[in-house]
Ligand SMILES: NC(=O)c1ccc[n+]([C@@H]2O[C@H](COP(=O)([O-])OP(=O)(O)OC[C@H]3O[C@@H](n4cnc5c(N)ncnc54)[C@H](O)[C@@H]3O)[C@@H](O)[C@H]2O)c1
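Shown next as C-alpha cells: one chain only, the form predicted on its own.
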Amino acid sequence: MAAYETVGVVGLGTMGAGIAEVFARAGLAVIGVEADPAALERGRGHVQRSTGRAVSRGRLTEAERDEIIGRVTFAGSLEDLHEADLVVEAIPEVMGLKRALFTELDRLCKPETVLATNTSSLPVTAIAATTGRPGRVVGMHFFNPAPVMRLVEVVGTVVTEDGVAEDVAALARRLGKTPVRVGDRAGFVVNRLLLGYLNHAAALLERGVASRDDIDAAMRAGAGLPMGPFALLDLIGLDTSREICEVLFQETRDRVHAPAPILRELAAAGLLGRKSGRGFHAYDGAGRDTPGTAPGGEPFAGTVGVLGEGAEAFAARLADAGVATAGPRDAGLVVALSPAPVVQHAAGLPHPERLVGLHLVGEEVAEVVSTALTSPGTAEAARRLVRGLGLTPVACADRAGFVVDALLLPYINDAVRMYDSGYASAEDIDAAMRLGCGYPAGPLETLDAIGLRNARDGLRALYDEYREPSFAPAPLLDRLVTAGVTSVRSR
C-alpha cells in the first residue's frame, strides 16, 4: 500500500482550498498551488476562515487550527510539487485546461507520484492520456464543502494500475471520508443519476405537468428528499447543471440528458440560481428563497364521492374529518384514488367535470390530478379538501406517473442499469446518493421498498406515455420480476 505523506492541491478556489484543509486535518503535509498571487491569497483566506469557523463552533482548538494551517504550504509554482506523493487537481471544469495541467504535472512530478483529478463529470481517461503515466492517474472527486461532505468518488480507468485506486480509496478513509469505487463514465455515480432526475423535472415543468412549487413540494414532502429539484438546481447553479447535462448527453446520446430548453434559456440569460439572485426561484441578498403567497382560501364544503382502490377506507377518513360523502353520481366533488391516469373514471359520470384523481404519496402529500375534463373550481375544491385532511396538495396533470413516480422511477431505473453494467456495486451506488445528496435512502434501497414489480409496471406506463427509451424497464429489472425475485441485491 502506498504511503501518501505529502500531497499537492492545484487550484485553491473554494473546492481546492477545502480539499487542502481536509488533507491537513488528517496530518498530511500539503502544498497548495495557485499561479496568480491574488488567487493564492484568496485560497489562504478560505482555509483560515473555514478553520476559524470550526474554532468558533468548538470543533477545533486554537492550537489545532494553527497546526492545520501550519501543514499547508502556499506556493505559486507547479515546480514546488516535485516531491509530492499525490497531486489533486481542482481547477475549472474545462477539458483543455485540465489536459494541459496534467501534461505539465507529468513532467514535473517524480515518476511514482499519483495524479488525481477532482472533476465531477469529465472523462478521467482522456485526462490520463496526456501523460506518460496513465496507469497512475485516477479521479478523486470530493463534494462541496469538502471539509464537511463525507463522500469521495474514486474513479479508475481501463489503464489504471492494479492497487492505485485501492490506495487512493484507503487514503480517503484515512481522511475520514467514505470512498465509493466507480468506473470512468460521464458523471460517475452522483451526477449521472442526479442530473438526469433534475433535467427531467425541468422537462415536466415545461410540459405543464405541474408547477415549479408543486414539483418541489412533491419531491421534498412526498419522496422525502432534502430539497426539491428546482431549489437544488439553483443551489448547484444552472450553468453548472447545464454543462454537466451536456457532458452526459455527449456520452450517452440519451434525450433525458440533453439540457431541457428552460434550463438552457435561464443559464443563457444569466439567471444562474442562488449565485446570481434568481434562477427557477428568486432570492434575497442573503441567498434565501423569496417566499410566495401562502395557500389559503375557505375550507372545503360540500359532498365527496370516492372511486377506486381503497375507496371505503378513504371515505371513512373523510367521515372522521367531518366531510360529508355521497354517491359518485350525486357528489359535488368526485375523487378517484388511482396511481394511474384517471380520466377513464369519468366515463359514465353525469358530471365528469367534477372528477379529480387523488394519489396519496407517503404520509404528507396527495397528488391532485386534473383530467382534460376537470373544471378549475373542482381542482381548487379538491386542494381545499386535501389541506383540510392535513396533507400537502400537489396539483398535476393526468399523465403517467403524475409527479413523484414520474421523477423517481426513471432515476431508480438508471441506477439498476448502472449496477447491472458492473460500473459500481449496489452498496456503492446507494452510499453515493445518501452521502453525496443527503437522500434518506439510495436508489436500490428505494427500489426494494417500492417493490420490483410496482417499479417495473410504473416504468412501462411511463414509457407508453412519453416514449423515452430510458424509461423502458432495465432488462435486469424485467428479468428479476419475471423470476419472482423481490430484491435487486439477491440476484
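Numbering starts at 1 and follows the sequence shown. Treat the numbers as computed from the prediction; the structure is a model and nothing was measured.
The same protein also has a form predicted together with the ligand, omitted here; what follows describes it.
Trainee: With a cut-off of 4.5 Å between heavy atoms, is residue 11 one of the residues that contacts the ligand in the predicted complex?
Mentor: Heavy-atom contact with the ligand at 4.5 Å: present for residue 11.
Trainee: Hey, in the predicted complex, does residue 430 get a heavy atom within 4.5 angstroms of the ligand?
Mentor: No - in the predicted complex, heavy atoms of residue 430 and the ligand never come within 4.5 Å of each other.
Trainee: May I ask you to state whether residue 15 is within 4.5 Å of the ligand in the predicted complex, using heavy atom distances?
Mentor: Yes - in the predicted complex, heavy atoms of residue 15 and the ligand come within 4.5 Å of each other.
Trainee: How about residue 144 - does it come within 4.5 Å of the ligand in the predicted complex, if we only consider non-hydrogen atoms?
Mentor: Yes - in the predicted complex, heavy atoms of residue 144 and the ligand come within 4.5 Å of each other.
Trainee: Of these, 431 to 439, 61 to 69, 450 to 458, 35 to 43, which stretch puts a heavy atom within 4.5 angstroms of the ligand in the predicted complex?
Mentor: Among the candidates, contact is made by 35 to 43.
Trainee: May I ask you to choose, among 131, 118, 113, 371, the residue with a heavy atom within 4.5 Å of the ligand in the predicted complex?
Mentor: Only one listed residue qualifies here, and that residue is 118.
Trainee: Just one of 167, 93, 251, 213 has a heavy atom within 4.5 angstroms of the ligand in the predicted complex, so which one?
Mentor: Contact check passes for 93.
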